[in-house]
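Next come C-alpha cells for two forms of one protein chain, structure 1 first, structure 2 second.
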Structure 1
Amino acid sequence: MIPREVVVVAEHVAGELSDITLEMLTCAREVAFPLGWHVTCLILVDDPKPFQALPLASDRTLIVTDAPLGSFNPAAYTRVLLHLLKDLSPRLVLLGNTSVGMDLAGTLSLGLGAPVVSGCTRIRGEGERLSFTSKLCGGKLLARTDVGDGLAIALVMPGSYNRELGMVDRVPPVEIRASPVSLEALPVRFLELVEPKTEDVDITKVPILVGAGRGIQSRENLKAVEDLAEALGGAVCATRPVVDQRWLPRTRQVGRSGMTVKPRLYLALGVSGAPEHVEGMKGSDLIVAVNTDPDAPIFETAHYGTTVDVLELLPFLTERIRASRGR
C-alpha cells in the first residue's frame, strides 16, 4: 500500500527558506509520523543550488525550476502547483497563513476541488480523518474542523510550531524537475524586490526585549523603559496600541500585525496579553510579565510575573541591574 503524503509548499526569499516553511515541516511531521505517511517539501525556484543540501525534516525535497519561479508570482505558482498536486495526489497540502499562502489557497481549492482550512494552529490525523484547530476572531475563539477523506488544504498560522524542528541532522533525498507546464504569457510578471530601508534596530535578532504596553501610560514614561533595556543590553518593543499612538515606530511592534520574536528574555511591562500580541512573542525562551491586574491574560503566557506598579519598579530594577554590572 502506497503511503499517504503531506506536501509542504515552501516559501522563500532571496535564496533562503522562510521561517513558516520550517514550521510547516514540523507540523507535517507531527501529522505524518504516527500514521506512517510521507512528507514532501515542494520548493518552486529558478535556481535549485541554495536548496539542494538543506537538512529538512521531510522524506524528500522536490525542487521544481523555471525562471519565473525565482520570486513569488501567484500566477506562475498556481499554474505549476495545480499540475503537480494532481500528479502527487497528497492527502494534505500545507500553506502558510501568510500573504503568499492566502494568494494561492483560493485558486488551488477551486482547481483541485479541495476544502481550505485557515488559521490552523494544530493539525492531527485520526485514522482517515484530519482534525484542524483554528483561531478565529483574533484568537478569542477556537474552531475545530474535521475532513473525513480526500485532499485538504490547510493554512498554518505562523508561530504555531517550533521552526527548529523543521530541520534534522540529515539531508533527505532531493529530486529536481523542470516545470511541467509552460510559464509563458503570465498575466502577472515579477519586476523587482524592493526592500524597505531598516535604519531602526531589528527586534527579531535582539536576544533581550523589553515590551511596552498601554500600562506605561504615556510617551514620557518610555524613557524609563529604554533605560531598563539599555541596562539589560536589549531593545524596546511594543504592543499595537503603543505603536498606534506613535510612541514607537512600527518596526518595534510585536504581534500578528507586527513582528514575531523569540528572544532569550521577553520582559512584558504593562502588557495586557491580547491574543494578537501574544502570538508574536509566545515563543520566547523566558517571559516575565509586570501588570497590576492579576487577571491580565499575559499571566497565562508568562513564566514569571508580578502585580507591582511598573512605573515604581522601573527605576529600582534599572538601578539594581546597572549596579550588578558595575555601571
Structure 2
Amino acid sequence: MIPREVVVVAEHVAGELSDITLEMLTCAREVAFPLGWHVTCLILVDDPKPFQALPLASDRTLIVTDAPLGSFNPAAYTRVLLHLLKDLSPRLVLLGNTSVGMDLAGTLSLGLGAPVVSGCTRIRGEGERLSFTSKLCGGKLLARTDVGDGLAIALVMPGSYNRELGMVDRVPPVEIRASPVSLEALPVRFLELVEPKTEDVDITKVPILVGAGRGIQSRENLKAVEDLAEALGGAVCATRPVVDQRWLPRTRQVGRSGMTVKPRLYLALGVSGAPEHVEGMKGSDLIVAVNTDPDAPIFETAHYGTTVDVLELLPFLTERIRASRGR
C-alpha cells in the first residue's frame, strides 16, 4: 500500500515555532486534503510545554523530547529523525528550505533512500503522484520535478505558503514521546544562542523600509538611499550582498538568515529579487521595485515597478517627498 502521510518537521527557536513551520503545515494540508492523507507535525524539543496546546493545522502533533533537542543540533535531529521516519513511513516529509532544513536533507535522503527536492514553492498531488515546483538560479527559473512512488523529501521555500492557514481553531491530538534513540556522544554540540545586537535600528519595527540591493553599485550611493529613507521617515535595509560588502551592519539584512520584515511600504532599490531576499520582505503591505532589468524577478513580487535608473530616480523622489511632507 502507498503510504498516505505527510510529516512536517517543525522548526523552532527559543520556545517559539518559526513561521516556516506554519507555512509547511499549510503546504502539507494543501497536498494531503484532496488525497485524504494524514498530516503529522513533528516537533523535536527538550520541553514540550510551549508546543502541546498549539492549534496547528495537522491531524496530530507528535512531540519527541530529549535534553539535546532543546536547541537545533543537526546531529541530534538526524539521529532521531532517521529512526522515527522509518517507523512512521510517510509518503512526504517537509523540511524548511532554511539553515535548519538544509542541514538535515542530505542525511535523511541517504539514510532513508529518498529523493530530495529543494527550493519548493508549490507541491501538488496529482492522482497519487507528487509534483514539485522549485525556484532555481536566483528565482530566474522554475523547475517542475516528479519523483517516484516512494518516500520523498521536500524543502519548502519560506514565503511560498500562507502561514496564517497553518493554525486552525482547534488543538489536534498531541502525542509526547521520549527520544527513541540515545543522543549521547554527538559530534556536534550546541553551545549558545546569540540574539542580534540591539544598538542599531530594529528594522522589523519600522513602518517604511528602503531596501538597497547590488544595483546601488557603491557604498557612496547609499548616502542618497539614506536621504530618501530619512525623507520618508523610514530606515534603510539591504540584501545580503550589500551587507557582505560591509556597507551596512548585519542588523539591516533582510531575507533568509536576516530579518523578516512586513512594513507598510518596502521600496526595493536595485534589488534583483533573489528568493532568499524576497522571502524576508514579500509580506510587506506595499512593495515598489526599481531595477533597470525589466526581467528582474523582483517585479513578480512588487506591486509597482519601474526600470528607470535608481541613481537617477533617487534625487527626484527624495525631493518630491520632502516637498510633499513640507506641505
Partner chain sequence: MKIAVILRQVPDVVQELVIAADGRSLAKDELTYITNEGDEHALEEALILKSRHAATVTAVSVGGDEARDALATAVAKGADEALLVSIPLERRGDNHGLAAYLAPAITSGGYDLVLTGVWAADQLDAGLAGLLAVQLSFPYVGGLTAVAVEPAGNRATVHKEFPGGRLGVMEVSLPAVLGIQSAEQPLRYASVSKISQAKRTMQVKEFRGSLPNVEGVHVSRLTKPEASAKADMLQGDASRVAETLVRILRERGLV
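Residue 1 is the first residue of structure 1, and the numbers go on in sequence order from there. C-alpha atoms forming the largest set that superposes within 1.5 Å between two forms make up the rigid core. What you see is a predicted model; the values in this text were computed from it and never measured.
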Matching structure (the form predicted together with its partner chain), either 1 or 2: 2
Core-superposed comparison between structures 1 and 2, Leu228 Cα displacement 2 Å or beyond: yes
Rigid core fit then Ala67 CA moved by 2 Å or more between structures 1 and 2: no
Large Cα shift (2 Å or above) at Ala274 between structures 1 and 2, core-fitted: yes
Per-residue Cα shift, Ser284, between structures 1 and 2 [Å; core superposed]: 3.4
